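Here we start with a single chain on its own, the form predicted alone, put down as C-alpha cells.
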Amino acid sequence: MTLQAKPTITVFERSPDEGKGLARDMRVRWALEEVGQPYEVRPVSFSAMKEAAHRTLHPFGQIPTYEDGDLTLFETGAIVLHIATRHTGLLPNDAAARARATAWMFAALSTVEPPIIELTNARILESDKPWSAERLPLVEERVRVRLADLSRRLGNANWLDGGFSAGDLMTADVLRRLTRSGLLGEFANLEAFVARAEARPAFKRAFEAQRSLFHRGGIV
C-alpha cells in the first residue's frame, strides 16, 4: 500500500560528513527514492537535536527520524523496514525471500556496521590517545574479518540474495563508510557491490538531494 501523505525525515542542519552522504539519513532518503515515495526534509541543528522537542521524536537525540501522520519512528533499520513493507520495490514477493532480505538488513546493522563504527572512532575520536597506534591495527583486523565473511557470501553475485533488496541497500550504505579507509579495496567484489549500489538512479537522486541541502546550508 502506498501512503498518500508525504512523510517527513529529520537530517543534520550542518552534516559533519561535509555532503558525502555518510550520515544515516542517507539510508532513509535512498529507500524512499527506491520506492518512489516523495518526502519532506526538516534540518535540525546539533543543539536542537538534544532539546526536549526533538527527543520526543528520538529519545537519544539523534537523526534521522521519520514522521508520517500519527506515526513517528527512529532508528534507520526500523524506518527502512517500515518503508519496504508498505511499498513495492525493496522486498521480494516470496515470503522466504522477504525474510532473508530482512535478515540481511539486521546483519548489516548488527554484525557488519559495529566494527566499522569502531574503526571510525579509532581513527578520528581516539587518534590522539597514547594507545591509539597500538589499538588501530586490532580494530582494522576486526573489520577485515567481517568483510572477508561478507565477501565469501557474496561471491560473484551482483546482490546478496537474488535481486536488489533493502538488505543490499543497508549493507551497501554501511560499507560506504569504508571507501576512504583502503580496507574495502582489499575485497574487489565488495567494492564492485558498493559501486553497483551507488550507480542506481534512486541512490543518485538521494545523494544529490542531501548534497544540495548541505551546500544550501552555506558549507563548501
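Since we're looking at a predicted model, the values are computed, not measured. Numbers for residues come from their place in the sequence shown, where the first is 1.
From this point on, the text means the form predicted in complex with a small molecule, which you will not see here.
> Heavy atoms within 4.5 Å of the small molecule in the predicted bound form: does R27 have any?
Result yes; R27 sits at the interface with the small molecule in the predicted bound form.
> I'd like to check something about M49: if you look in the predicted bound form, is any of its heavy atoms closer than or equal to 4.5 Å to a heavy atom of the small molecule?
Judged by the heavy-atom cut-off of 4.5 Å, M49 is in contact with the small molecule in the predicted bound form.
> Given that the partner is absent here, does R42 sit within 4.5 Å of the small molecule in the predicted bound form, heavy atoms only?
Judged by the heavy-atom cut-off of 4.5 Å, R42 is well away from the small molecule in the predicted bound form.
> Check whether Q62 has any heavy atom within 4.5 Å of a heavy atom of the small molecule in the predicted bound form, and answer yes or no.
Judged by the heavy-atom cut-off of 4.5 Å, Q62 is in contact with the small molecule in the predicted bound form.
> Please identify the residue among D149, E75, E118, E140 with any heavy atom within 4.5 Å of the small molecule in the predicted bound form.
Among D149, E75, E118, E140, a heavy atom within 4.5 Å of the small molecule in the predicted bound form occurs only for E75.
> Given the stretches 149-157, 181-189, 49-57, 34-42, which is the single one in contact with the small molecule in the predicted bound form, using a heavy atom cutoff of 4.5 Å?
After filtering at 4.5 Å, what remains is 49-57.
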